[in-house]
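Just the one chain here, laid out as structure tokens, in the form predicted on its own.
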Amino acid sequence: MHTLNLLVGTSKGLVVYPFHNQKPLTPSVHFKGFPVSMIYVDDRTNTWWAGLSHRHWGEKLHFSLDQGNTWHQAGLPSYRNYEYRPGKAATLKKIWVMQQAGHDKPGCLWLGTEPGGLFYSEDNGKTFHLNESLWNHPSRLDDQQWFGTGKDFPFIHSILIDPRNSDHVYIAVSCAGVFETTDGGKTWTPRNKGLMAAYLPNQSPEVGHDPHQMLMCQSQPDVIWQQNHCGIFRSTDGGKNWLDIGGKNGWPFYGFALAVDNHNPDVAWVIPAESDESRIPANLQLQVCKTVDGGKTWQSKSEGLVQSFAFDLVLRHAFVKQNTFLAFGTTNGNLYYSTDESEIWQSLNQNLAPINSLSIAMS
């Protein structure tokens, strides 16, 4: 039977938990003491990728071809000769997300960064090139449409590849919103109809939204979900229209984390927080909410989780699902998992550093 590896990127290193027969084995630690901000597994080659955010040396990108036994340093995206605004040079602040560019494009990768640049590699990460069409999009040049939220700059945190057509790509930007290309990045179109931007004078702008996380149902890729700053939204027509599916009476509503079922387009999970001001669990209860009807109703699936005096926040990339395995990690270093999609949660570790990102690799 295959071994499932849960890769946990924390502010003090990468911790890898092997699971065999649904039981956790002895973990291993990589980049000990260093902040691991991004974890990605390329399922085409089982290459492990790790983005590090060094305080002194800046961003670094590493990869492993042998399940973490050895690591190699990759190339970095560069903003050299690019300006964020006229007269203001752009510099790489953070690598937020990586995504393979399609099974028909071996060696090709997309990379989302702060300050809002999307990069592309055609040589397995040796070199990256800025997608100039998005960078030069008129909306990006407007501070009222692309802007930072809790950050000085906007950032790209979600990249979705249509499994039917690898030239069809969606990205999500905080703050700007969702953009779509159907020609491999030559042109980009905003896809934010139906979203709400309650923090702006015009609450329904074409650009200026704050998606926190966006995921696609792989078996029915016209179904796209997003946990947004202003609620939970779902599209069934490839992002052309979004419907607010947040729970009644404001629960669940706000949060960062999202997981979806890749076979059933009506099933998804979120982990609600109280509000953007406090960013703690709603009612100080660590809860996972599930819908099985496309967001019409939500139920708490929180057996095994702390239901009083919990101050854990789950970040946008710290909730993962593969087949029947679910796992999430919190800013307090708590790590939970469920192996059979029953949402009966088991604690894997309560003493990690703040957890930034999770990913799953099979071996």
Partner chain sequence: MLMPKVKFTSALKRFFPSLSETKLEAGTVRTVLAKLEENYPGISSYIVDDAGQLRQHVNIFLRGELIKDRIHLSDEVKPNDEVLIFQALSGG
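The shown structure was predicted, so the numbers you read here are calculated from the model rather than taken from an experiment. Numbering follows the first chain given and starts at 1.
Beyond the structure shown, there is the form predicted together with its partner chain, which is absent from this document and is the topic of what follows.
Contact annotation for F31: at least one heavy atom lies within 4.5 Å of its partner chain in the predicted complex.
Interface membership of N264, defined by any non-hydrogen atom within 4.5 Å of its partner chain in the predicted complex, is ruled out. Using a 4.5 angstroms limit between non-hydrogen atoms, W57 touches its partner chain in the predicted complex.
The shortest heavy atom separation between L92 and its partner chain in the predicted complex is within 4.5 Å.
Of the listed positions (R80, H129, K186, K126), a single one reaches within 4.5 angstroms of its partner chain by any non-hydrogen atom in the predicted complex, namely R80. The contact residue chosen from Q144, Q73, S275, N202 relative to its partner chain in the predicted complex is Q73, the criterion being a non-hydrogen atom within 4.5 angstroms. Heavy atoms within 4.5 Å of its partner chain in the predicted complex are found in exactly one of 324-332, 298-306, 32-40, 63-71, that being 32-40.
Contacts of stretch 212-236 with its partner chain in the predicted complex, defined by any heavy atom lying within 4.5 Å, are made by none of its residues.
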